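In structure tokens, the next block holds one chain alone, the form predicted alone.
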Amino acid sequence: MRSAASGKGALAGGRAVYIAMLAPALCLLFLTVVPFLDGVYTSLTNEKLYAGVTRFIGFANYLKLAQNPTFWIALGNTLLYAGLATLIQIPLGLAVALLLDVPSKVQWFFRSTIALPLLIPPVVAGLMWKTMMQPQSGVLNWLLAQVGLPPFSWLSDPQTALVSIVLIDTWLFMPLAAIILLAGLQSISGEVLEAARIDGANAWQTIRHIKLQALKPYIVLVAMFRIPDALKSLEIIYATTRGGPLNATRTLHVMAYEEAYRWSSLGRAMAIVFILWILSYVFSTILLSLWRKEEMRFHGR
């Protein structure tokens, strides 16, 4: 009898532990799924901020977006912005990581200061760079004048505004790429590098055949962080150009923000956000699959 009672007590204790572990997971799932489904439903309605009556309208918001030329401009700008930012920041971050991996007396100083831009809120960084990019009084055009170059229309020219914002994004987030890639470099075994040195490999051969091969999963990891983040970029753009000039920097997130807060069209704003979510999900899934392949290849599993 005592043994049976003891067994029941152990079983009850095991269930209690199971429920205690399951409850937070269910709460997290509930808090994630319910707002997401609510957002999807909102995108299928004509809901407006401060309006009392909401009506289900199906895919009307999506059809209106498809017929709006500004939407396609914003979609192109979004993909171009994310692509440029990632393609610039990964090689630049890799170069910085390789420099920070070289032992030197001032290595600790540069390693401690590289992350400083990450501490600045994107909207503050946008305002700061907007001041620096002023055509008449900005410090960047002053520097160009010192070397005999004409002033540059950083944010006011439709041809250069998007690239200028990518430059700001690069200044702000390139350190993240450098830190992740530096962590990858630090994970390379010293014995492997020493063996390469003994075999006569020079610096370039070591970088090409050992370090870059080891860094492939980390490079994909940087892309996994940066592409979805760049697709959702809003603060820098809104602090500098607000989507102008002539829609040159209008992205989907800027368009969604204006639909919600300028035109009070919450249903249409949620439709744009859902399209952004689909883009982020597709890119994240592809990159996650690529990252797993690189991890398996690198670790020989």
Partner chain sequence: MAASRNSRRLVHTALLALGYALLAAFVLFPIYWIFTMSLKEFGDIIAYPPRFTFVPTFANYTEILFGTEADQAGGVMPDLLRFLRNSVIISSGAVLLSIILGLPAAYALARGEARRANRARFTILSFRFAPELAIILPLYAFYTTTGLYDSYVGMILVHQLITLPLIILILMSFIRDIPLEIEEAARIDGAGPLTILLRIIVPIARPGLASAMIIAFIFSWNNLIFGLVLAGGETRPITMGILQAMTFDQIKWGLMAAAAMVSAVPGMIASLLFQRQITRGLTLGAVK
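Rigid core (definition): largest C-alpha set, two forms, superposition within 1.5 Å. Numbering follows the first chain given and starts at 1. Since the structure is predicted, the reported quantities are computational estimates derived from the model, not experimental observations.
What comes next is about the form predicted in complex with its partner chain, which is not displayed.
Stretch-level contact analysis of 99-107, 190-198, 79-87, 204-212 against its partner chain in the predicted complex, using heavy atoms and a 4.5 Å limit, identifies 99-107. Although the partner is absent here, K293 lies well away from its partner chain in the predicted complex, with no heavy atom inside 4.5 Å.
Interface membership of L75, defined by any non-hydrogen atom within 4.5 Å of its partner chain in the predicted complex, is ruled out. Although the partner is absent from this view, L143 contacts its partner chain in the predicted complex, with a non-hydrogen atom inside 4.5 angstroms. Taking non-hydrogen atoms only, L94 never approaches its partner chain to within 4.5 angstroms in the predicted complex. Of all the residues from 154-171, those having a non-hydrogen atom no more than 4.5 Å from its partner chain in the predicted complex are L167, T170, W171. Once both forms are fitted on their core, a CA shift of 2 Å or more is seen for L29 between the shown form and the other one.
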